[in-house]
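Presented as structure tokens, the chain that follows is alone, the form predicted on its own.
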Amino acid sequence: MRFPIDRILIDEDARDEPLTEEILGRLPHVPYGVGNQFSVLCRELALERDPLAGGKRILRLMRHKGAFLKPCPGTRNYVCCGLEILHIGQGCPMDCTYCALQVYLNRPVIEVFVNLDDLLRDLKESVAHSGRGFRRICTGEFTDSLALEPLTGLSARLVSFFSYLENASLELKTKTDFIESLLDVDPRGRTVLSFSVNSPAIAAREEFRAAALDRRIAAASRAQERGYRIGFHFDPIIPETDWSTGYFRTIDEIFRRVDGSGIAWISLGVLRFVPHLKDAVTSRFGPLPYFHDGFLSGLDGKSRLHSDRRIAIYRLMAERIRSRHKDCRIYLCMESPYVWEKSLGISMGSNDDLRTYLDDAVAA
């Protein structure tokens, strides 16, 4: 299964890239144009009621001219894990109602960076000359790591590339089950294949065009059998009435089908957002109850639930996870040392502490 693409735009300097040819070969019936059409298209989309909805069916093939590897933007005043982002493109064909990309990206179409040779060279040079020690690198920050894998085959190449590195690991983060290209590549312990998951109700109602929850967990099980370390991200946790029932069902299903000893980590993050995301979501989907809970302004300016509520949620989630696998490595995304201690009983006082905690899961 592929996401529908109605149109392809190719920047003039991207036309002769091998990856461009590969993508066009896999979409032979989709019309495309070469040249400076992007600005005109953006003006056309801006006149539509929902520019993002139309933009998610348009693919732009372009060269990335900046650095491919950058630090995760993180959040000031909270503990950050030191992840680095490998930029393979931006935008996502899925349409989760809570997605922060709705306000973080200023271009509505899906962009793929096709200058693969530059990407690999930048990556190789950065890792080879690193003075930082071990590096955890992820492609799933501004796009889904596998959403376009049937068209690009990029993630399979990255898995192969990282399999020979001693001082770096790759994390692929997805809401799809597009793992076929990865199954014949030996990750040699250097790739964590992570699945963003939620309660069954939230996944079905709020994560439009994402793979069904059971398909994501089934994909995790298959990938684990082929040697991949697995990760799961419960982020955002949306604490509706009786929220724990659905989330516990997901936890139980994960450990029923996936060997807990092969799970690198499980992250937890309660819904938080920049304030204007609520306006963007309301304009696209109408009022959503969970954006109107008792939010306060956090230290980073994002809307967050009170720390006592977050602690209670994390504590219950962690207890359920540990009841299924007592040694599972759990971490919190962008939380304070106080919340770490009160919810998980873990002293996590600095970014370096969390970086070491996660490095230990993949560096061996």
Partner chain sequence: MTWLDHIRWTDLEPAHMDLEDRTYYIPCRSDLQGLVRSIRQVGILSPPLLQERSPGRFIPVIGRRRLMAARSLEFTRVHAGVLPETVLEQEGFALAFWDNIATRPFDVGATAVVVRRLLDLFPRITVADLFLPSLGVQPEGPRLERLRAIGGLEEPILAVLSAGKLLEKSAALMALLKPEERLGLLDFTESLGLNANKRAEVIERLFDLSVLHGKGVLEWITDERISAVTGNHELSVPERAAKVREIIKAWKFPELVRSEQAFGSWLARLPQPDGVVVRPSTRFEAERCKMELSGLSREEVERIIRMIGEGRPRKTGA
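Positions refer to the first chain, counted from 1. This structure is a prediction, so every number in the text was calculated from the model and none was measured.
Omitted here: the form predicted together with the partner chain. The next part is about that form.
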Proximity to the partner chain in the model of the complex, single hit among R205, R256, K124, H292 (heavy atom within 4.5 Å): H292
Answer range among 322-330, 292-300, 29-37, 61-69 for contact with the partner chain, defined in the model of the complex as heavy atoms within 4.5 Å: 292-300
All of R49, P287 and Y338 with a heavy atom within 4.5 Å of the partner chain in the model of the complex: yes
4.5 Å heavy atom contact, R15 to the partner chain in the model of the complex: no
4.5 Å heavy atom contact, K56 to the partner chain in the model of the complex: no
Residue contact check: R222 to the partner chain in the model of the complex, 4.5 Å heavy atom: no
Close approach of Y247 to the partner chain in the model of the complex, 4.5 Å, heavy atom: no
